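Only one chain is shown below, in structure tokens, and it's the form predicted alone.
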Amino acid sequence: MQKIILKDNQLQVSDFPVIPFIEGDGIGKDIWPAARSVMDQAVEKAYHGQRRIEWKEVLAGEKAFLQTGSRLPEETMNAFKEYLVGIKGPLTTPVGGGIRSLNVALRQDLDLYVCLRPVRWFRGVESPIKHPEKVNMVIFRENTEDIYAGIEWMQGTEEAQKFYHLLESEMNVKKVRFPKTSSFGVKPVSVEGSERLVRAAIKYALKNNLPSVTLVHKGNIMKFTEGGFKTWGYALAEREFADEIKSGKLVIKDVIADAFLQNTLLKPEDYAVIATLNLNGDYISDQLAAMVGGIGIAPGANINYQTGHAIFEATHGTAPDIAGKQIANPSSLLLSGVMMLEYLGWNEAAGLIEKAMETTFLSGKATGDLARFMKDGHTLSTKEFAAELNANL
């Protein structure tokens, strides 16, 4: 058992790496064992005992609160810092007041500046569009700035009043229509944050022989934040990747966010790698997931390519209403595990899982969220679905 380390900008992964995991709230207790069993079986099948993941449970969310009194114990954060790579089930994200989002805390404190969301269609999965096979994109969503900075003041508070006074008296802002009842939020977008996100997207495109990187923004309205993202992204590309652009190996382009959402339905084949800010990326990744069958099969990761830290995660919520019923779909978490295996360089095991999943879907077998839309679909429980995947590895 050894820790994964970063040396000379490359991950050094032993044959028996220790990987921390968070089971997750709600349906986490259903989908984590299912996803883990398939990952373990795929690694065994691919490497015949020569490689194995040594799982290390760390606590967060409700389970952590019950056992430690903290929803995100310091030991958990330290484990992710120490072991570099981890995976997690869904954690409760409060709306409005209440506890701080644990997902945001992990991303901010570890500076996981890329939210990586690949979207592809699996044959056998029903889609609301005619040609889901044309949807094959990888989204690089900036993960630490924009709305994720969390800089807000509630209307009626002293802080909101002070902020408005600053805008009005010192910055001559006159466009707040109802100042006494307005909440305020600040949207920071930096040169450094934009550049490192776009750089990561371009490197990914070049490594995977993908033809283009599209900068998606709302710079026609927010000229200095979203517009800055576009301007700084182009400048970075021209400065650091001039040869690749000149040779035609890579195309850098941009599109306004609302037009992009329309284009993903009309001509999704025009896009490969997407680089965008946080809020845009939230909308985009969920729409694309719906186009290929739903968020239940949408994986995700949060990565810092400079330090090597990465947490792979289910992209959906905790679904407490079905927790413990063994009907939840583990595919999002499992496909995030596929991303994790690829990140480790264990592509053989990752490929086995993807092939097994498509074989299973083509046979009309899936958990209820997908099976109900399939012609002659056969609904499996969470455990049964994992067992079917293992049989098809």
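The numbering used is simple: start at 1 and walk along the sequence shown. Values in this document were obtained by computation on a predicted structure and should not be read as measured data.
There is another form of this protein, the form predicted together with a small molecule, and it is not shown here; the text below is about that form.
Using a 4.5 angstroms limit between non-hydrogen atoms, K230 is distant from the small molecule in the model of the complex. When contacts are judged by a 4.5 Å heavy atom cut-off, E313 counts as touching the small molecule in the model of the complex. Proximity of D243 to the small molecule in the model of the complex: non-hydrogen atoms within 4.5 Å are absent; the residue sits far from the partner. Not displayed here, the small molecule is kept clear of A366 by more than 4.5 Å at the level of heavy atoms in the model of the complex. Not one of Q41, R51 and A391 is positioned with any heavy atom within 4.5 Å of the small molecule in the model of the complex. Across the options 136 to 144, 317 to 325, 204 to 212, 157 to 165, residues that bring heavy atoms within 4.5 Å of the small molecule in the model of the complex belong to 317 to 325. A heavy atom within 4.5 Å of the small molecule in the model of the complex is found for one listed residue only; from N103, T225, N304, N278, this is N103. Think of it this way: in the model of the complex, the small molecule has a heavy atom of just one of P90, G86, G300, G293 within 4.5 Å, and the residue is P90.
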